[in-house]
Ligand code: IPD
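As structure tokens, one chain now follows by itself in the form predicted alone.
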Amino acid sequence: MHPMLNTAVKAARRAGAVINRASLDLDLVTVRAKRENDFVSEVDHAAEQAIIDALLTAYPDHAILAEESGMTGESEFQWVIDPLDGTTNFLHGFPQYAVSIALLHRGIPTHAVVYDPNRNELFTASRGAGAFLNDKRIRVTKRAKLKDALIGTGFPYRDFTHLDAYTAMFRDLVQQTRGLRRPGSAALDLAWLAAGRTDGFFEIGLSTWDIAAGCLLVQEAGGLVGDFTGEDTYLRTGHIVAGNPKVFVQLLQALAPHLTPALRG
């Protein structure tokens, strides 16, 4: 394992320990609303600080982009952190949330960790070296037809600008696929796609920290990732489509009739 990835794994496990301790008594967790339907807890902050401390102890000159504390430092190496992806799930005791850490080198994801503290599942990837779940190699499915595919997604919950377009996409895909699933953590959705548990994924308006690690996992597991036109702007726009190679193409085709100018780039 690359030393930088190993450091990220240690950081993710420290954050997972913070989250697991807090999950034992959710009534004691302090929560505030950042905006409508978007919450942050003291656990998010504590987990994020545990990650940052671990990363900067090893690499003090690296930059950080974290969901709660924002951007700090300037470097060609930037750690992108979501300390608790799926906060709403966590606060309700719904066991679908994860720690997500990615290292970008000159804007390109090079190492990725998504850690599920509920199941003790550690998803890792390094560019050019494959994707792994608990040290076992993982690959996307070989399913060839959209009609046989299970697709992950995320409903609009904070910004409803694209709700009509999303609703039309959802309506069509419900009829064109084996089924749609919305567990509530994009980082885990992408990790599960990489592990072959789903065949594709799409969502509108995510943040960089939601998807930076998961996208590398999918790519290193043999999948494809793009925006709604198949281009590579997804880390900037947050509009993302992913899948095994055959489902990816068909998913883009199915979504295309519902794209507004804003969703095209």
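Keep in mind the model is a prediction, meaning the values are calculated, not measured. A residue's number is simply how far along the shown sequence it sits, counting from 1.
Although not depicted, the form predicted together with ligand IPD is the subject of the following passage.
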{"property": "is_contact(residue 86, ligand IPD) in the predicted complex, heavy atom dist at most 4.5 Å", "result": "yes"}
{"property": "Contact label in the predicted complex: residue 210 to ligand IPD, heavy atom within 4.5 Å", "result": "yes"}
{"property": "Partner contact for residue 157 in the predicted complex: ligand IPD, 4.5 angstroms, heavy atom", "result": "yes"}
{"property": "Any non-hydrogen atom of residue 80 within 4.5 angstroms of ligand IPD in the predicted complex", "result": "no"}
{"property": "Selected contact from 182, 92, 171, 139, since only one has a non-hydrogen atom within 4.5 angstroms of ligand IPD in the predicted complex", "result": "182"}
{"property": "Proximity to ligand IPD in the predicted complex, single hit among 50, 224, 63, 206 (heavy atom within 4.5 Å)", "result": "206"}
{"property": "Candidate stretches 183-191, 130-138, 107-115, 70-78 - the one whose heavy atoms come within 4.5 Å of ligand IPD in the predicted complex", "result": "183-191"}
